[in-house]
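Presented as structure tokens, the chain that follows is alone, the form predicted alone.
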């Protein structure tokens, strides 16, 4: 009896194990319609999407890990670039298909064309402006009664970079002479300049061996402008520069000086150079105003053939930012200021410019 009971219990246990294994291996049979719907849903989910798709409320800054956040940001930026490129190609195809009937191109919004209107913007046909310019301090120069003669000096004990900058400026401005201050105050320098028939005094200031300021004083009656000087690059620091400039009088180009203040500054720069440029030298000095920063460049024309003309930069190059405009010659204590740049009051809007 015992043997028969043990065999029957073993067979029952084996059968139970088989049934358990069978239960594990059996897959539930689904409705074919449901399977088709799921397959379609998976197909829609696994479509190749170009780039990274983020939920509408997602922000990359929510990612705590710095490396992942940076990687996701780069992917997001690349995706935006691709979308922009595709849209550009699509518009180009549409314009090509329409031909002459294509709508005019949209003008991109920039800070310059969104500029806040300035009431002092000069109209070239304004009689009042013409009268003021005919009687101002520069009228003798523009009436060809005087020829410019410039004295360039520095602050006390200038370093090598500032001295080289002054020497290179003397090769750009004709009839310019470089003298060292030797500890003299500007109030003593100005009368000596007037007695020697100088029409301009340029003072280059420096800080920590780097030129950082420029004072431009028109003699004998002013005005005096103080500029912040930055981004100075000498000739040796420039790539693909041309040969040394010649002694020919350069042509002068003044760009975007549109307000009354801008006209005064433009006339201040124009009176630095003699009246008649010598076009044989093919040299041009450019003062370009953009967002109240005045960029100076010195180029030479390179005529490749009758139709093509290139330019070659000679140097130096620098950037000016107007800090103040003072009536009369330099006087830091009792001088009357025509315009002073007050950063917190005047720079409240990025679209407001003064020059």
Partner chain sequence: MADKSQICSIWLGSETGILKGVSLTKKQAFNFCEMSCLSRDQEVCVMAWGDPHESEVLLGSVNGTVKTFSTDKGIFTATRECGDPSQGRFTGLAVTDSSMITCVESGLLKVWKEGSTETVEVNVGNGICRMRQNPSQRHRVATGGKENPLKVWDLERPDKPIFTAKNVAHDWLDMRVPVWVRDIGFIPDSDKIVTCTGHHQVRVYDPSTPQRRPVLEAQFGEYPLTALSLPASQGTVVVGNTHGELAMLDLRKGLVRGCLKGLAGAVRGLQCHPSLPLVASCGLDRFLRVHSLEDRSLQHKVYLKSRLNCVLLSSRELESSSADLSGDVEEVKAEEDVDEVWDTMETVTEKAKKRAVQKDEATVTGKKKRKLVKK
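Numbering follows the first chain given and starts at 1. It should be emphasised that the depicted structure is a prediction, and the values quoted were computed from it without experimental measurement.
There is another form of this protein, the form predicted together with its partner chain, and it is not shown here; the text below is about that form.
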In the predicted bound form, the residue from 106, 276, 127, 101 that sits within 4.5 Å of its partner chain by heavy atoms: 127
Interface residue in the predicted bound form among 120, 255, 143, 230, criterion: non-hydrogen atom within 4.5 angstroms of its partner chain: 120
Site test, 236, 297 and 318 vs its partner chain in the predicted bound form, non-hydrogen atom cutoff 4.5 Å: no
Contact of residue 343 with its partner chain in the predicted bound form (heavy atom, 4.5 Å): no
Exercise: residue 156 in contact with its partner chain in the predicted bound form, heavy atom 4.5 Å: no
Residue 132 within 4.5 Å of its partner chain in the predicted bound form, heavy atoms: yes
Contact of residue 347 with its partner chain in the predicted bound form (heavy atom, 4.5 Å): no
One stretch from 65 to 73, 324 to 332, 286 to 294, 299 to 307 that, in the predicted bound form, holds residues within 4.5 Å of its partner chain by heavy atom: 324 to 332
In the predicted bound form, residues of 306 to 325 near its partner chain [heavy atom within 4.5 Å]: none
